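This document opens with one chain alone, in structure tokens, the form predicted alone.
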């Protein structure tokens, strides 16, 4: 299949990135290899979107630092970049809204590109007909050609997929829209119950063709939680995070027993919001 016939895809990863690790970066490479290997898709970009401070997760340090670390981690990447929109929002933003934001950005960019393209008029046309065609052409240009716009898909690990089952952590309608309108690329490991979880969920089962499960055969158990634990204990994190990230953490002394106590006793933003709405 020619590249022009393949669906272009932008991989979007949302999360704390507290801090970003080599495993986060590997998710993008695994997903890209898989999607390109299907012959149906062509991954053109990866986007890391750190969550804002209003998420209120225990141990979550400032978005300012988390964004900088993500930017340092992707400094030498040719296709993965960091987007700050979500992290700069005053209130916590649902993942569905983040996906919509990035899809609309792509559609606007595509529309702008089409408007910038010159339109050639054939010589000898009557002025009135030319004016009518110009008016029609302008209207046509204002309407984005959706089929040519890259599709945003949510990149995640199996833990996010399984979190769909946590009461009040996600709105059921948001889950349906995420998997139905956008789609998931979920990195799993051998023996993982992702397929069983999809089977047991009516919403996920309905849109199972839009959920891509990618096996991580070369397993990597690095996690932000384990990185923070090592730092609290004064242990080395070399080769677990990019060197520039490690140097930044050490320079600013970012993770400590005190930082891990941040937001202790505070209800996670989505739980607080969804529970309140369910009880109203």
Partner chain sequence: MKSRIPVVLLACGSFNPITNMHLRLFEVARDHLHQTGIYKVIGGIISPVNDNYRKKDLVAAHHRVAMARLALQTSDWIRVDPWESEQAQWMETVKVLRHHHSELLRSLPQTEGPDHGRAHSLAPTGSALVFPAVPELKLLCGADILKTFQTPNLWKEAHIQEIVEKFGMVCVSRTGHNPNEYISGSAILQRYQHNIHLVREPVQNELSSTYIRRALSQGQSVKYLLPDAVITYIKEHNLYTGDSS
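Fair warning: this is a prediction, and the values are worked out from it, not measured in the lab. Residue numbers count along the first chain shown, from 1.
Below, we refer to the form predicted together with the partner chain, which is not included among the displayed structures.
Every residue of the trio 76, 234 and 237 has some heavy atom no more than 4.5 Å from the partner chain in the predicted complex.
Contact between residue 14 and the partner chain in the predicted complex is not found at the 4.5 Å heavy atom cutoff. Residue contact check for residue 263: none of its heavy atoms lie within 4.5 Å of the partner chain in the predicted complex. In the predicted complex, no heavy atom of residue 10 sits within 4.5 Å of the partner chain. Of the heavy atoms in residue 22, some are within 4.5 Å of the partner chain in the predicted complex. Comment: 22-30 is the region of 251-259, 22-30, 39-47, 59-67 lying near the partner chain in the predicted complex, near meaning a non-hydrogen atom within 4.5 Å. Along 219-234, a non-hydrogen atom within 4.5 Å of the partner chain in the predicted complex is carried by 219, 220, 221, 222, 226, 233, 234, in order along the sequence.
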